[in-house]
Every structure is written in structure tokens, then in C-alpha cells.
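In C-alpha cells, the next block holds one chain alone, the form predicted on its own.
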């Protein structure tokens, strides 16, 4: 008789309760849907808290925000941006340098909900295998987009950007946008696990560059308590980022996730029944974690 594999997070639910075992996931969904909702309030209800979209917006007629990747394409295409666009890009860049570039992917991007759903369904259906795409592909795509913008004079990514298509589709009707979103869902479900966000999306690639110097980090502060259940690896959208900090060979190995591809989604914190992970800063982990590691391994 085939034994059904235990779902990731089952032990965490038993140890912490359902709410705490889904805390960061629920906060992420509230953030993603809340941000999308604020943008839709204007065209849907005439309440213009924010004008524009995730590429460029003006909040309360005061705060400009600009996607720095869009600004780079604009500069490559030899368009002269307005001062508000430059100011908005600097504000966004400073924010993601603080919280981690790919926090955009986990906490803001609405397409992440689609890919997370595909990943969850793929796991529930027990689908394995598929096409392997190197995660370096997204960096090649990012560079290619900037090159094409420079050659054509067009902000290239906006012609096919699924986030923009989703946003416009919710306001004006999806049309071909549905096909793009459905294509991403099918690709992640049947072709490549976490394929879009983890291997192809050039926006994620760009924000990972900002994430190299990010202050906010996930820290495997109590890694000596790890029981190797691998739940964190199963739910992590970028599981390779956990290997060095979690399975460091000795007490001198850093426990902070330094990889710029970490999305700071917090799912590893949610599903860990041993509370191995916590949020911290890039400066707060190594000395105190080595001490904690030494104490716990001597017990």
C-alpha cells in the first residue's frame, strides 16, 4: 500500500498551531492583495489613493515610486526621464536595499500568487521531474531586455510583462493577458517547478542584484536544533539558498542567508517546528549564532 507523504508544515502546525505555522504566508498574501487593491481602488471605485501601477505611481499626489528596472530600460532606450521618475526609482532602490531586493517577488508581485498556487498544486498532485532550467537564465534575459531596449528605443519588457498585463486586465479586461497568466501557471505546474519566478523572470533577476547588499536577512539562528525534516527545503521558492546556512559543516559557518536570491518570504520560519529560522539583519548573526551553536551541541 502506497504511503502518502506528509505535507510540509504538518509538524509545525502540531507544535505552533495553524495560524503561527502560516503567519508569514498570510501576511504576504495580505500585502500582495492589499497593494493590488489600492491600485484598483481608483479605476474601480474612484478612490485615488494611488495613481499608476507597479511600474510608476504617485501616492496621495506626493510620493513618487518608480520601478528602477523600468527606468533602466528607459535610459537604455535613450528616453529622458522626468525628475519625479528618477526620484521614485531612488526611493524604491533604497527600500529594497534595506529589506532585500527579491522581497518584491514575495511581498508585492501579484504573479507570485499564481506561481505559488501552481507550486502548491504540483506538490499536492505529487508531480515530479520536468524540464530543468538554470537559474542563470533570468540574468541572461535581464541583460537581453536592456540590450534590446537600447537597440530598438522601446521599453521592451512592458510589451510582455505579465504583472502589467494582469494589472491592465483587471481594469480593462484580460484578453490575451489571461493566456499569459495561464501559461505561467501551466509552466510551473507541469514543466518546471518554480520555473517562472526561480529561473526565468528578469524582474526577479534585477531585484536580486539589489538584494546583494540588503540589510534584512533570514537567519538559521538555531540550526543546531534542526531535525533534518526538510520541510523548509520543500516550501522554499529558492531552496539552494538554505543549504550553506542550515547545513554548515561547523560552528564557524555563517547561519545568515546571504544569497541575493532569497525572497525573504518567511515560509521557512512558518513550517519549521523547531523554530530554527528567524528574521534578523546581515550584521546580527554570526557571533551570537556560533555561541548558540556551541551551547546547543554540548547539551
Partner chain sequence: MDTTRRRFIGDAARTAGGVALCGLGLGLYARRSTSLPAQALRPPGAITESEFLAACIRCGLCVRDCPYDTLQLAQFDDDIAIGTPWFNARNIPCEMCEDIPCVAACPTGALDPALTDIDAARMGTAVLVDQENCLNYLGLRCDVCYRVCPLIDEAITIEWQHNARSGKHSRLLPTVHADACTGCGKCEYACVLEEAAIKVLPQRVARGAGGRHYRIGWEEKAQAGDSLVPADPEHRYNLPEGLDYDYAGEGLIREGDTATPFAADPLETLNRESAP
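Note that the structure is predicted; figures quoted are calculated from it, not measured. Residue numbers count along the first chain shown, from 1.
The protein also exists as the form predicted in complex with its partner chain; that form is not presented, and the subsequent description refers to it.
- The stretch from 147-155, 100-108, 224-232, 117-125 that comes within 4.5 Å of its partner chain in the predicted complex, counting heavy atoms only, is 147-155.
- Proximity of 55, 140 and 176 to its partner chain in the predicted complex is complete: all three residues have a non-hydrogen atom within 4.5 angstroms.
- By the criterion of a heavy atom within 4.5 Å, residue 84 is counted among the residues contacting its partner chain in the predicted complex.
- With a 4.5 Å cutoff on heavy atoms, residue 159 counts as touching its partner chain in the predicted complex.
- Put simply, residue 212 is far from its partner chain in the predicted complex: not one heavy atom of it is within 4.5 Å.
- Proximity of residue 184 to its partner chain in the predicted complex falls outside the 4.5 Å heavy atom cutoff.
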